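A single chain, nothing else alongside it, follows as C-alpha cells in the form predicted on its own.
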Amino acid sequence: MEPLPDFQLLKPRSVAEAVTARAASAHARFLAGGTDLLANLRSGLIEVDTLIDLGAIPELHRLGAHADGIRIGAGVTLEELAAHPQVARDYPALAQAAAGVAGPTHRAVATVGGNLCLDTRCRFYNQSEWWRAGNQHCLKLAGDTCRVALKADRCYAAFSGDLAPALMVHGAIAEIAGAQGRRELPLGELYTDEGRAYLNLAPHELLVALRLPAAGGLRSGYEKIRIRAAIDFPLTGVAVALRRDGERVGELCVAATGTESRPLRFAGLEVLQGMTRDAALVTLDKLIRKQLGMMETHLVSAGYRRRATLVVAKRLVQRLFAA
C-alpha cells in the first residue's frame, strides 16, 4: 500500500462553506468517513490537492422524522442508520442494507452520502498501479479502451453501493447543494449509465440529505450476494418493496445494485398490480431479464450474477408476501 499523497485539509462549518471550498479547486474532494476515498488515494486511483472534511457540519448528521416521512443527512453513519428505530420499523430494506455493508468498524465511520456516491469499479480498474499499467490501463483511468468491452466508447465499471436500491424502492428524494443554490431530484436521477461519470453532480455540488415519504404499508427487504459473508462489495444486491392487496399484489418495486454502472430500479412493474403472487413472479422474472445489462466487471461471471439477481428478487417477494 502506497503512502497518502500530500494534500491540504479544510474543515468547513456549513454546507455553503464546503461547496465554496470545493469550487475553488479542480482537484479537491469531499471527505466523510473516508473508507473508500482514502484507500483509493493510496492506490493512486484519484488525484487530490485538497480534502474537505465534512465532519463538523451539523446539518449533514441529522436523522429524524419530518412531516411526511423521514429525512436522513448524508453524514449519518451506516451504524446509526441501521440502528435507528423508525428506519428499522418503516424502512426495513434500508436498515438491512446499512447493516450489511462491510464490517462493523467500517459502518461506524462510513456515511450514507459516501455509500451513495461510492466510486464505480471493475476488475481492471480497482487494482494496484503496476497491475493497471501491465494491462495498459483502462478508459476510467489513463487509458483509451474499456477493458470490459474492448469496442465500447463508454466505461462499464459497476456501481456497488448497498443503500441506493433500498432508498429507491421507498421513493427517496435527494437534496443537493451547489454554488447556484439547492435542488432536489428522485434518487435514481442522481446516477448516469457511464462508469467514468456516474453521478449527475457538478464538481462543486454536495449531496446533503435524503427524504423518504411515509412508508404507507409497504413491506420491504434487502439481500445481496458476495464472495465472502463480510467486507466484500455485492456481486448483486436487491431491494424489494411490496404492498399486498389481500392475496394479490397491490404495489411492487424492485431495484438492484452491482449490476450496472448505476443502481437500477426495474421499470414496468405496474403490470403486476392485481396479480397473484405466483403469476407476478413469472412476469417479474421476464421483466428483470430484459432490463439487466451485466458485463464482466467482477471476478465471477455476468451469467452467474444475472441468475443470482433473479433468484434473490423472487425470494424477497415470496418472503415479503408471507410476512
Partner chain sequence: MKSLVRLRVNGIAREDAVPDNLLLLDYLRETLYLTGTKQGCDGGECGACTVLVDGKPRLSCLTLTAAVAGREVETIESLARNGRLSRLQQAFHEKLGAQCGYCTPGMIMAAEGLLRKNASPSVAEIRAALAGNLCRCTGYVKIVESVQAACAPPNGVTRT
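Residue numbers count along the first chain shown, from 1. Bear in mind that the values here come from a model prediction, so they are computed numbers and not experimental data.
Although it is not shown, the form predicted in complex with its partner chain is what the next lines describe.
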| item | value |
| --- | --- |
| Option touching its partner chain, based on a heavy atom within 4.5 Å in the model of the complex, out of G134, G217, P104, P85 | P104 |
| Of E194, E251, E129, E79, the one that lies within 4.5 Å of its partner chain in the model of the complex (heavy atoms) | E79 |
| 4.5 Å heavy atom contact with its partner chain in the model of the complex for all of I46, S261 and L292 | no |
| Contact segment among 29 to 37, 251 to 259, 57 to 65, 276 to 284, judged by heavy atoms lying within 4.5 Å of its partner chain in the model of the complex | 29 to 37 |
| Contact of I231 with its partner chain in the model of the complex (heavy atom, 4.5 Å) | yes |
| Exercise: A16 in contact with its partner chain in the model of the complex, heavy atom 4.5 Å | no |
| Touches its partner chain in the model of the complex: I225 (any heavy atom, 4.5 Å) | no |
| I173 within 4.5 Å of its partner chain in the model of the complex, heavy atoms | no |
| Partner contacts in the model of the complex for 106 to 140 (non-hydrogen atom within 4.5 angstroms of its partner chain) | H106, A108, V109 |
